[in-house]
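Presented as structure tokens, the chain that follows is alone, the form predicted alone.
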């Protein structure tokens, strides 16, 4: 019997995956454990291996398709072996369901007198409901042609086709959540134009779209951007946060980097950066402040006795936060190796979903872009996040003389449900001490 290849669920939050590239063609032989295709999950690309040996009999979804998890995407088996007729089975199922629905209507014809059933739900066949869900169509606005006004599959399929609208007008309406049924078109045969949608927006007091023309590009959000948008919105509106700031004298940290960079390069083949020293200091400070290194779970606070340190990496299509597991147990050299390995594979989109999960705290460094201050948003389910800014020269008075020292601003955003200002301030105080006296971390 042919074996299904399913879209894997590579993480609790994963709902669908996008097929990036098939490594084999239909008819090719593949060994168990050999890479069959590459997919994109929420934020990373991952390779899917064949669980059994055999010939790739059928590919159900082409490259670029977005497929719900645990859905068959291909079949592997012996040459000439038959595979389930997915489309035929679905068609037969729909026909059976519609036949049953029609019988129910006939039995219920004396009770129901309109398109709504006794429970107040729209009367529609299962096939019609499925297509409506897929196309995000409100069934209450679809006119049914079946018995007693029941909505059929064809009614839903033809619903949008009855509306004549330009592509640009449709995009604007979709972005702003406008119902095209409520807009009167001024074009040929009532076709809805951009001007008609803009007019509807103005009547609702929504921003002017006059600048949106052929010189404007509208692009759909990527899977990564969608996940970021969802999680940042959830974080921003679910947790009452506040941010603490402090300045750090970076003279000794810069000197430490200068003193040991050649040694670490020789031992690891990796370059030591100031960010590596910050990651080391953060992991050490967190072990002294468990409430900053915690998460909220219902009415309980989970205190972590370890540090899984996430750090933000900017990608072309969004931000990802790979995790250095058990960072509190690592030396400076080990931090350098772990961080560089994750960063290099992140840029190639070769991280596994597990390497993006399980963080207890996050560091976001924008110093390399010259940013001197920012308010980071907590990476849920963490309780806090550290924002690292650029190192800048600051004028200070020392021994009656004016001189400059390199100073860096740290911004700590905290979930006020878990952490109070004093707790956060003490953490920043210890972190500042470690960075200003970095040799203490090496003892």
Partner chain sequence: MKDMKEMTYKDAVKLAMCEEMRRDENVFLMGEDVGLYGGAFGVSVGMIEEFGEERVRDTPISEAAITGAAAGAAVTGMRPIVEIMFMDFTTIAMDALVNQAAKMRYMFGGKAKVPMTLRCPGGSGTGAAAQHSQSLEAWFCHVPGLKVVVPGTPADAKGLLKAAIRDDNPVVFVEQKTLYKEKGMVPLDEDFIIPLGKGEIKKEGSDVTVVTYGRMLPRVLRVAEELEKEGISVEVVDPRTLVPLDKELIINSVIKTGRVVLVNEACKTGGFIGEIAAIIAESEAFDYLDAPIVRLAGLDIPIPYNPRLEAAAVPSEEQIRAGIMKVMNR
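Please read all numbers here as calculations on a predicted model, not as lab measurements. Throughout, rigid core stands for the largest set of C-alpha atoms superposing within 1.5 Å between the two forms. Residue numbers count along the first chain shown, from 1.
In what follows, reference is made to the form predicted together with the partner chain, a form of this protein that is not presented.
With the partner chain omitted here, the record of contacts in the predicted bound form names 122 to 130 of 122 to 130, 304 to 312, 257 to 265, 179 to 187, defined by a heavy atom within 4.5 Å.
The partner chain in the predicted bound form comes within 4.5 Å of a heavy atom belonging to residue 154. Not displayed here, the partner chain is kept clear of residue 289 by more than 4.5 Å at the level of heavy atoms in the predicted bound form. Remark: residue 353 does not count among the residues lining the partner chain in the predicted bound form, judged by a heavy atom distance of 4.5 Å or less. Put simply, residue 147 is close to the partner chain in the predicted bound form: some heavy atom of it is within 4.5 Å. When the rigid core is held fixed, the Cα atom of residue 278 travels less than 2 angstroms between this form and the one not shown. With the core held fixed between this form and the one not shown, residue 307 has its Cα displaced by under 2 Å.
When the rigid core is held fixed, the Cα atom of residue 129 travels 2 angstroms or more between this form and the one not shown.
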